[in-house]
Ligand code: DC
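Form predicted on its own, single chain, as structure tokens, below.
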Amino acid sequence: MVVDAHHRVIAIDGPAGAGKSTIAKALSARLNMKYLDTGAMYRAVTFEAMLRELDLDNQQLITDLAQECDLHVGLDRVIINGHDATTAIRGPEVTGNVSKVAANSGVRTEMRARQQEWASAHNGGVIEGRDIATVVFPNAVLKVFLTASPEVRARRRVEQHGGNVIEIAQSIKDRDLLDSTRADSPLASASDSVVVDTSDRAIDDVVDEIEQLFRERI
């Protein structure tokens, strides 16, 4: 499928806790562009599967759910099949299972198509995830890979959602391993992505840099 809106896509990838959501939201507001959190899509499918007590290892069953679900991911709300999953998808249960669902090729194929359709409908946008630059929008006008030290990422997660820093750090390492080694669309920096380490930088400083890069390309 050819997506004419590719030239208006800012693809932001990176691991958990790198600042993707905070920076992508601020950037979308700064540029008056729509924002899409693709990770929330996989989390929503995971939530719905768990709600129905489906076997997450049954790839066809979870693929069918992904293909048939009514899913709306907005700036502040995530609704799947009429259920408001906004809070639940950030909880430990979903977080602990989302990598398994995200590794399902059938689910990825469906979510990828929905992400491309979203970009077409909105004439591009600021889109964050783990395979946006490498797989979903390889022709995006700007590709950014955000990273940060594991310690910083763990502290950020605790500040956002609570918990124990040591446990969260281990969880992040486990998630990184699963996401970067899965067979379908692993977490990776595209060869033409701009790598930005957010560890010791203010949000506005990072947003300024990405905004400048984008304006140089359009």
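The numbering used is simple: start at 1 and walk along the sequence shown. Remember, it's a predicted structure, so these values are computed and weren't measured experimentally.
Unshown form predicted in complex with 2'-deoxycytidine-5'-monophosphate; subsequent notes refer to it.
Asks: Select, from the options 61 to 69, 47 to 55, 146 to 154, 172 to 180, the stretch whose residues sit within 4.5 angstroms of 2'-deoxycytidine-5'-monophosphate in the predicted bound form by heavy atom distance.
Replies: Result of the contact check: 172 to 180.
Asks: Of these, 102, 80, 119, 126, which has a heavy atom no more than 4.5 Å from 2'-deoxycytidine-5'-monophosphate in the predicted bound form?
Replies: In short, 102.
Asks: Although 2'-deoxycytidine-5'-monophosphate is absent from this view, report whether residue 114 comes within 4.5 Å of it in the predicted bound form, heavy atoms only.
Replies: No, residue 114 stays farther than 4.5 Å from 2'-deoxycytidine-5'-monophosphate in the predicted bound form.
Asks: Under a 4.5 Å heavy atom criterion, is residue 140 part of the interface with 2'-deoxycytidine-5'-monophosphate in the predicted bound form?
Replies: Residue 140 lies outside the contact set for 2'-deoxycytidine-5'-monophosphate.
Asks: Taking any heavy atom pair closer than or equal to 4.5 Å as contact, tell me whether residue 85 reaches 2'-deoxycytidine-5'-monophosphate in the predicted bound form.
Replies: No, residue 85 is distant from the partner.
Asks: Taking 2'-deoxycytidine-5'-monophosphate as it sits in the predicted bound form, is residue 98 near enough to touch it, meaning that at least one heavy atom pair lies within 4.5 angstroms?
Replies: Flag for residue 98 set to yes.
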